[in-house]
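Encoded as structure tokens, the following chain is the form predicted alone, with no partner shown.
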């Protein structure tokens, strides 16, 4: 496994997207966000997705010259039509709008439809942090891999949610999770690497453990917490999908198998201005205190330390910014093939 500097990775993704017809500014924006996903350790949502994105773009499934626009708006709310753009562009715009509105109203909610896969939820939930705000993001996943609890029809996706809360001297507390035991991207990564999946990620239609990622289509992902995870996935889907006029349930398009049909992906982004509720400096110190309490907890036997949401990603980010992003051999080969197909310089 070789390491690639963040700068090299961003430049490669940028070249590939411009070769696909993206305007320079849009290619740079998406490349930066995809690289940030890899830096944070979200390996299933960074450059790993580039071949899939390019296939969908070349098949006409993504609009490279979109008109992302507000179609409904109030003081603390907006609804974006993404015009079938890359989800990264749609949600970056949604985050910007929610932050600007929250500066005036204290809290703002921006929904999106006609969007696409946007990478890890943490990218967008974390954007308000720089403005002393709390961020909240959720989305309908791009492919149904979960049945309703007790059923076998695949009607729900991983429907991720992320919440980001800033600290003072400590890292932010940033929860980023799928409503399933594992995100489907991890299944695809295991397949590419020729690895087996851990027991608990998927089961077949008889309820038996499914560990071969090549047989993923024969089963479904397990929701976190059983029926509770199913309920959470359903409610997030209604908020991010149905409320915005986006796909939900049987209307969700699996972008890993259908590269042509617009996904009409639904997402939402909310920003909360801390100063509307508390003194910012005092609040951030209190968050640090809670952080310290969690870290200072006595541990169970066999557990070396208590971790907080986002702590691992924060530490991975520090290491990868300094040492580069690891690229597995299988992925390196796929990216080399992609570079030749697009006529651009490889990594």
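Residue numbers count along the first chain shown, from 1. Computed from a predicted structure; not experimentally measured.
Beyond the structure shown, there is the form predicted together with a further copy of the same chain, which is absent from this document and is the topic of what follows.
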query: Candidate from 197, 216, 189, 79 lying within 4.5 Å of a further copy of the same chain in the model of the complex - any heavy atom; finding: 79
query: a further copy of the same chain: the contacting residue among 167, 249, 262, 143 in the model of the complex [heavy atom, 4.5 Å]; finding: 249
query: Location of a further copy of the same chain contact in the model of the complex, chosen stretch of 228-236, 84-92, 115-123, 189-197 [non-hydrogen atom, 4.5 Å]; finding: 228-236
query: Any non-hydrogen atom of residue 156 within 4.5 angstroms of a further copy of the same chain in the model of the complex; finding: yes
query: In the model of the complex, residue 319 touching a further copy of the same chain (heavy atom, 4.5 Å); finding: no
query: Heavy atom of residue 74 within 4.5 Å of a further copy of the same chain in the model of the complex; finding: yes
query: Touches a further copy of the same chain in the model of the complex: residue 315 (any heavy atom, 4.5 Å); finding: no
query: Residues from 200-217 in contact with a further copy of the same chain (non-hydrogen atom within 4.5 Å) in the model of the complex; finding: 204, 205, 206, 207
